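In the form predicted alone, a lone chain appears below as structure tokens.
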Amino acid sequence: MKAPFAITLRVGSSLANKTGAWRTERPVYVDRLPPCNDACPAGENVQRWLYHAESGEYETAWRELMRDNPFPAVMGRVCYHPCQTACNRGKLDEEVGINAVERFLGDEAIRRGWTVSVTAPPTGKRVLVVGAGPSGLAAAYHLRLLGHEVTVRDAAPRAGGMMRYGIPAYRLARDVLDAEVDRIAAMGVTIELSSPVPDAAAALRDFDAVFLAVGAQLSRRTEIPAGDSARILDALGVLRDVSEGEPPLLGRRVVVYGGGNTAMDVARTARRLGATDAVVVYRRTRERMPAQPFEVAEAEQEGVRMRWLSTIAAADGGTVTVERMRLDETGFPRPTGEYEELAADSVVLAIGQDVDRSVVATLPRVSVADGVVQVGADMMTGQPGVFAGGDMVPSPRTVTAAVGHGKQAARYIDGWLRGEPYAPPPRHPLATFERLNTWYYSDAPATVRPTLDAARRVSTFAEVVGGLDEGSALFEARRCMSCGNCFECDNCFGVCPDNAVVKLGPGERYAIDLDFCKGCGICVTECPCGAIDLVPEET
């Protein structure tokens, strides 16, 4: 009697018999958008450069990073790293210290003198960038890489914009900023300082395109009844004077009015300038404070006091009258009629910032609403050839967002100059935590960056947060789970019962031999990073 077919199967039978005909579903390798990439305002391919960093290929990682962001050393210090907030690893143990690895790569590039070469052929087109801050310099960098002649003009005596004049040196060392600005200049970008541009219309006659990237360097004011002897300053003016080496005399008792990051910066600066009592007065609660939580925590560590649910009602020589507030059912602060006095030698206002829009005053086709310039999806204003970004347009006012704007604007400007409009590529589906097989990832607690002792901070403008050494940076990069993208771990190759997974070689990933794949889905289940889908078989 003839034996049943199943009993006749021997070693090698899955190759001898093309079992793929049994399949109703097939596995397909996919590339998904990592949440870190998705959350980065600068549009960095975070996962890609981490992949190179974890292999010790630091220069390759840095060059991948520089494809999107010309300020990795700066960003590794001042970015609020939304990429880490989005990191899937945070749901497993702790998020990957992306920002710390970025700083390591940026510092390594400065230490080793890595440079960027322009290989694109000259286009003969000339672009003027107004503003030498993060958005303007990023745009200039990318435009230069695309082959255009770029001139950057700024009214300030030194380049950097708010990176130099709005961020204290204890957060961003000036030699680091100078090194990354100088690298851009060395690429052939012309930077003209102490050169304000009062009229964009006139500038447009000498250039093929103009990018407006004026930073929000005008402090907002508020009406506070004040006596003749009251000393009231604005936060940006204080930070600028300190940056220029001419710190103001704030006195021993300083009250800062506001609740944003600038308020934290100026209160911490006041402590370093000798204030024994620095108090932040804010009309809402800590939970509703716009300042980053770590900024508030570091300020408190340095002795800055917080007065929540309070507003300044009046100021006179030596005192400030503060009124207690309460939040109504909508969360809006309401006065209570309860007052008290605080001793204050000076009051610093940190209640918001505006952009000087006079540069577009002679361009009637440029629309301004809510204090910012309106642009289309291509970042062009109503005036053909005039683009705008950074603080000048509706956007979060951070260095990272400004750098991202500069990159996007460069691509749109390039497309406009060539007569070939730039079209952003489609976005992949998001790589969610639920798709990961986290059993394969070992426990690896995050590396903590070194910090100065609180007692030492208030006596120096040295950087508070230090960088990682090579071993720590390598460890941190290796904590990346490569969400949604194959990293050639060989799991699928090893678990396939039909030997249907074919290795294509280093960097080439795998292929599925559909003659033998039965569509069992084991490879999908066992993929650590969720980079394989099971789809219905084509009929």
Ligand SMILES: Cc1cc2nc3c(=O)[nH]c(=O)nc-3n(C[C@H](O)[C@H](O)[C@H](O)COP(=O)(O)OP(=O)(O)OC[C@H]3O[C@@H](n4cnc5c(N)ncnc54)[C@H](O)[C@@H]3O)c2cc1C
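Throughout, we count residues from 1 along the sequence that is shown. Fair warning: this is a prediction, and the values are worked out from it, not measured in the lab.
Not on display, but discussed next: the form predicted in complex with the named molecule.
Heavy atoms of no residue among 40, 142 and 181 are located within 4.5 Å of the named molecule in the predicted bound form.
Here the chain stands by itself, but in the predicted bound form one stretch of 376-384, 77-85, 248-256, 114-122, 77-85, has heavy atoms within 4.5 Å of the named molecule. When contacts are judged by a 4.5 Å heavy atom cut-off, residue 155 counts as touching the named molecule in the predicted bound form. Contact between residue 437 and the named molecule in the predicted bound form is not found at the 4.5 Å heavy atom cutoff. Among heavy atoms of residue 196, some come within 4.5 Å of the named molecule in the predicted bound form. The named molecule is not drawn, but in the predicted bound form it has a heavy atom within 4.5 Å of residue 161. Only one of the listed residues (428, 305, 324, 397) places a non-hydrogen atom within 4.5 angstroms of the named molecule in the predicted bound form, and that residue is 397. 217 is the sole member of 99, 346, 408, 217 with a non-hydrogen atom within 4.5 Å of the named molecule in the predicted bound form. Shown here without the named molecule, the chain has 389, 390, 391 in 372-396 lying with a heavy atom within 4.5 Å of that partner in the predicted bound form.
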